[in-house]
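In the block that follows, a single chain appears as structure tokens, in the form predicted on its own.
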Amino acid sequence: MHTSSTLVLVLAVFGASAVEMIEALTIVVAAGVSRGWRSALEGAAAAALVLGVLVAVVGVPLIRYVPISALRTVVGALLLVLGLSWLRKAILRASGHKDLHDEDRIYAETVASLSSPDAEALEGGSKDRDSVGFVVAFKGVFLEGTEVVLIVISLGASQHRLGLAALVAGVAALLVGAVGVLVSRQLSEVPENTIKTAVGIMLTSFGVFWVGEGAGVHWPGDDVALPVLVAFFALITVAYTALMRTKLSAAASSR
């Protein structure tokens, strides 16, 4: 029952969580290398705790007190905004109109900023416990994790699967952290733009599906319509990326 929607939920939450945590890991590792691992890990753990509390405080009341039809309409609109935003950036990067996300560059810039004289002047506490490293790691995990929290709450609450969504996000974060420990620095080889494209397609599909349900649309096959929507938006994304590449080539040749 609801196999299609559950599968899309798991893939969307896992993909979004993995991408955002890769970006957060880059910042945490840079803080650890530059300012000390104890403060960086404490900052990351504190941010993860705050994000977990947000999921529980916001998500549980939504499930218990908000009518499912109203919840899915609002959540569908939110997911459409998030999904289309991810798709827009992914298409621009894939078509060459926007630079690809570079974790190596972010890592180098973060290390440089944390090693600057201004950062040294703000240092507090012992070498093992550094306030600057703590704050940088906290902000990195919290800011990147906020979007994950929105996705977890949106997808989990609207399907009454908040526990599953939170579990999948936690597994993704642990997996990224474990791989990060093994590679010692950051996961720059991960095809981040591909993952963001896939997640954007799934979020957009969920958004259209739930906004339609809230408006009284009866989808053929119920949840079976979700994979069809995913395939449709994947096709649109591929076609639009190709069109954008053509425009870029035409603009370059006309110079």
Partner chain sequence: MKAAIGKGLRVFGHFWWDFLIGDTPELAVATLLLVGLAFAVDHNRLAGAVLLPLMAAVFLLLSTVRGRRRASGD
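Since the model is a prediction, treat every value here as computed from it, not as a measurement. Residue numbers count along the first chain shown, from 1.
The same protein has a further form, the form predicted together with the partner chain, not shown here; the description that follows concerns it.
In the predicted complex, M244 approaches the partner chain with a heavy atom inside 4.5 Å. By the criterion of a heavy atom within 4.5 Å, G212 is counted among the residues contacting the partner chain in the predicted complex. Contact annotation for L150: at least one heavy atom lies within 4.5 Å of the partner chain in the predicted complex. Although the partner is absent here, V176 is not a contact residue: none of its heavy atoms lies within 4.5 angstroms of the partner chain in the predicted complex.
Every residue of the trio L80, S85 and V217 has some heavy atom no more than 4.5 Å from the partner chain in the predicted complex. This chain is displayed alone, yet in the predicted complex one of A48, L62, V208, I195 has a heavy atom within 4.5 Å of the partner chain; that residue is V208. Residue in contact with the partner chain in the predicted complex (any heavy atom within 4.5 Å), chosen from V135, L167, L92, A112: L92.
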